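Here you get one chain, nothing else, as structure tokens; it is the form predicted on its own.
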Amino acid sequence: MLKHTPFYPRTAPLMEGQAWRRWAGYVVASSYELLHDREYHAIRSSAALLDVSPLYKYLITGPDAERLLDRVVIRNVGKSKVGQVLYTAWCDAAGKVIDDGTISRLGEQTFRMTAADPNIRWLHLNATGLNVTIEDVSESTAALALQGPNARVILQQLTDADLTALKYFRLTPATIRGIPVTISRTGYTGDLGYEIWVDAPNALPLWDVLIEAGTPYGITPCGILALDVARLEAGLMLLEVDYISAHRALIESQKSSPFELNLGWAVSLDKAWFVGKAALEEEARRGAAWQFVGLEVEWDSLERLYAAVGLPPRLPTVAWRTSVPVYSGGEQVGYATSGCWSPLLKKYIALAHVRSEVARPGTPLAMEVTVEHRRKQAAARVAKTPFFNPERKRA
């Protein structure tokens, strides 16, 4: 049976079209209004409030908590400081990515790990012989993402914590109108934003005070459709859309390494043994066969394809999540995994896996589009991601 998040009593009455979707066994809003346009623009121009409670959340504590995480993930957890958040991935023995998420260092021996898929069994399998406790706090911990240019001014009114001093990918314990929370400067929109972690019984009071304080600043509850456009502009990948977990893949070619997912910067080969290290060392020596890149579809090419059949260009305002062939000189050299029209950038953008030899930014390619039931090829170019990277995100 599908579950409701702790915020459901507030989010359900806002659903104009009852456009629910599944996320990790929960129902969440696709969009609260009949169209997601206003919700998207709230992310980029005011403030959006997103229920991200369905994330899997694990509390890892004990003398060997750091050692366990360093054994599992590709980042060097031992170098992290209390109050730091690490984005990372973790691999199987062959160096293929199982999942990606964050590790928050709450104390010297206390960490919170978030994931898109259930990973508690994987953690236990790798904890053999270690003095560590692994607790699934997915249901007992609720989470909201407050994202957008007005996020800080809204949140600062409600807490004594100095948010101007809170750096990107850092966290701080705080209270919001007397409610104990943890605030992290993180998010999935590529904009200025925060995620607020709270015990589930305090979820509704937290929602209420944020809405009250944020209303003069244009705060808008936001669903998955708007988030999908924003995360594409930010060049952020999505599990089971842009890559397949090594634990779910049916054949080897469906798997990806961190180097093939543009995560080479996160691979800490200088640390002690971790799952997949030997395979990743070998791949680092020979080079990755694939790269995960951004694509920008050229407007003039798209316009000509539609003009040939007497139509104006049709643009995907909702992000698509399908495999679309990508070509170079008539030969298929990869595939796009998700894409949309960016209202802010006024560009048709996509994320794609392509062979390394055609992955350099600016390389001309072509992406398949369907025009009046016929498959055509629109000119495109490899683009550096993120497509949208405002200074306020890190400032």
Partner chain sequence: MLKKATRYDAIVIGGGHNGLVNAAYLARAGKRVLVLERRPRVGGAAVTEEVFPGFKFSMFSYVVSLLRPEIIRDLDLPGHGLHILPLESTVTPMLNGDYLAAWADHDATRRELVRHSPRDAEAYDEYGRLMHHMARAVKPIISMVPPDPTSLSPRDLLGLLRLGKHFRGLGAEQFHALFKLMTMSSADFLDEWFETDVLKATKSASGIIGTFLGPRSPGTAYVLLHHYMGEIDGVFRAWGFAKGGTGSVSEAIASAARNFGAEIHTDAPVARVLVKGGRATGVALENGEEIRARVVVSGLDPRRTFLQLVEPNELPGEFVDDIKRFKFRGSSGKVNLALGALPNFTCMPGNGPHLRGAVSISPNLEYVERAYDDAKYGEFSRQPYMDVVIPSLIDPGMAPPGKHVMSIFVQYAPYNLNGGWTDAKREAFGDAVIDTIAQFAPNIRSCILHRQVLTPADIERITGLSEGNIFQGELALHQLFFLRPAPSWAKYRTPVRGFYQCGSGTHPGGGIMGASGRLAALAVLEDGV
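Positions refer to the first chain, counted from 1. The structure displayed is predicted, hence computed values, not measured ones.
There is also a form predicted in complex with its partner chain; it is not shown, and the following applies to it.
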Quick check for you: of 43-51, 331-339, 60-68, 352-360, which stretch puts a non-hydrogen atom within 4.5 Å of its partner chain in the predicted complex? 43-51
Among G78, V82 and I251, does every residue place a heavy atom within 4.5 Å of its partner chain in the predicted complex? no
Using heavy atoms only and a 4.5 Å cut-off, determine which of A289, L311, L269, A93 is in contact with its partner chain in the predicted complex. L311
Single option in D162, E282, D300, E212 placed near its partner chain in the predicted complex, where near means a heavy atom within 4.5 Å: D300
Would you please decide whether L315 lies within 4.5 angstroms of its partner chain in the predicted complex, comparing each non-hydrogen atom pair? yes
Determine whether any heavy atom of Y194 comes within 4.5 Å of a heavy atom of its partner chain in the predicted complex, and answer yes or no. no
Does E368 reach its partner chain in the predicted complex if we count a contact as any heavy atom within 4.5 Å? no
Heavy atom to heavy atom, is P118 within 4.5 Å of its partner chain in the predicted complex? no
Residues of 19-39 having any heavy atom within 4.5 Å of its partner chain in the predicted complex, listed in sequence order: E33, L34, L35, D37, R38
